[in-house]
Each structure stands twice: as structure tokens, then as C-alpha cells.
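In C-alpha cells, one chain follows: the form predicted alone.
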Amino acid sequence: MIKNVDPRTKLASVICISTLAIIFQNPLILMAVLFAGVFLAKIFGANLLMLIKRIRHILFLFIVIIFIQSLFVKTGTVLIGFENIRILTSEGLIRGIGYLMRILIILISGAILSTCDMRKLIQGLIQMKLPYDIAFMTSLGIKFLPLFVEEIKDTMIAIQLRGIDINQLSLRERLEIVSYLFTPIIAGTLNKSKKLSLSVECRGFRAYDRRTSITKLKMSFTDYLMISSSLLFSVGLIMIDKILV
């Protein structure tokens, strides 16, 4: 694990892997990006085990989404079908797996950014000539993601306290419960966001046009090396993808 990493270095690395996850379709390249994300999370000190524990209750939902997405792809070898009706094909399965890897890459990116100190992250964005309002909203959005995860966790615990064991339910019953979860989760998230906005206003946010900071970030050789490696990795994968196409 590398300590004292500039938050701009983490932000640049996250931008690289998340952008690659969006633009690529090849599952092999997406797997390489996923491994790169895991490697970055490891050296930046992100707790991936905690991330897995937090999302383990909704992993089956990802699998359902992958299967549903696979149903709309009719090209490739038929894996599941009846007579002339294609239900699941090899191409659909590959695209579904690619979708899952994209989700994992985005979650890993969030885990990497969660290791940043919010004050330093805001200062880093300001030193990148980003307006303070946008920098603050960006850091607040990153900080708000764990709160959303906690809201999902609290809702799942409330369901278990009512005597419902999700692991023993059928797929149809699980989907029904997931549909019921959205209302309390969204309501709880909006309630927390309202309290957060009141707290920010009470502290005089945007009371002055300019803000000063005692913190001044400086990038080290390790930071430049990490950013260069991320850019070279991205360019290399783009060139490999063009060659494969």
C-alpha cells in the first residue's frame, strides 16, 4: 500500500479505469481493466472486502439484470431455447458478463475515491482550476455514496427483523421484495440529503465569493509515476482493442 498519495492521483486513475469500462465491449479487455482496478484499490488501501460485504445482499439482483439483458441479444450460439425461440445465447451471456464487470469496476472506483480525505480532495480539485462549488459537490457526491449503501443495508436489516429470510425465497419473491425496497431507500436518501443541505446552509456555504485554504497540495515523483502508468495503460488497451477489431 502506498501512503500519502495525492488525491488527484487517485482521481486520475479512477477516471482512466472508469472511462475504459464504458468505452470497451470486449470482455477480455474489461477483465484486464477489472484486474487493474483491483490492483489500484490494493495499493491505494481501499477495503474491497468491506465493499463485498455491503453489496452481498444485492448480488443476486446483478445476476438477474445480467440474465434480463442477455435475453435481448439473439445472436450467437443458442444455450437455452425451445424450438425456434432463443432465450439465452452465447453472445448475450458475454454481454451480460461484460455488464457485470463494468458494475464492479465502477464500484471499485468508488472504493478508491472513498480513501481520499474530503478536504484534500476538494483542495486538489480547486488546484486543478475547478470552481469551488463544483469541487464541493463532487466530493459530497463521493461521500454520499456510502450513505446510500448504508440506507440499503438498514432496509435489508429491517426486512430480516420482520422474519423474512431473503436467501430462502424464490426468485420471483426476491424480485418483489426488491421492488418494495426502492420506496424506503429513496425516501431515506432524500431525507438525509435534506438534512445535509440544511447543515451546509447553516455553516455559511457560499457566503463569500472567494475562499482561502491553508492546505497546499504538492505532487511527488510517485504521483507522477502513477498517473503516467495509468495513462500508458489506457493508451495500450485502446491500441490493443483497435488491433483486435
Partner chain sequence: MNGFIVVETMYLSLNHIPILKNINLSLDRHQFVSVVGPNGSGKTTLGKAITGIIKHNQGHIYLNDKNISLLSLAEIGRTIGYLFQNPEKQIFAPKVIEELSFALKYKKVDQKIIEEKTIEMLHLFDLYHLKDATTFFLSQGEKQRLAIASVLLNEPEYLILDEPTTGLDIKRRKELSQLIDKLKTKTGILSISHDKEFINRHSERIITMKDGCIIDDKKC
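Numbering follows the first chain given and starts at 1. All values reported here derive from a predicted model rather than from experimental measurement. Definition used throughout: the rigid core is the maximal C-alpha set that superposes within 1.5 Å between two forms.
This next part talks about the form predicted together with the partner chain, which is not shown.
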query = in the predicted complex, does each residue in the set 154, 177 and 180 place a non-hydrogen atom within 4.5 angstroms of the partner chain?
reply = yes
ask   = Just one of 22-30, 190-198, 216-224, 38-46 has heavy atoms within 4.5 Å of the partner chain in the predicted complex; which?
value = 190-198
query = Applying a 4.5 Å heavy atom distance criterion, does residue 141 contact the partner chain in the predicted complex?
reply = no
key: the partner chain contact in the predicted complex: residue 133, any heavy atom under 4.5 Å   = no
message = Since only the chain is shown here, I'm wondering whether residue 90 would be in contact with the partner chain in the predicted complex (any heavy atom pair within 4.5 Å).
response = no
inquiry  = Since only the chain is shown here, I'm wondering whether residue 164 would be in contact with the partner chain in the predicted complex (any heavy atom pair within 4.5 Å).
reply    = yes
task = Counting non-hydrogen atoms within 4.5 angstroms of the partner chain in the predicted complex, say which of 137, 106, 80, 169 makes the cut.
result = 169
task = Check each of 128, 71, 94, 158 and return the one that places a heavy atom within 4.5 angstroms of the partner chain in the predicted complex.
result = 158
task = Take the rigid core as the frame of reference and indicate whether the C-alpha of residue 160 shifts by 2 Å or more between the shown form and the other one.
result = yes
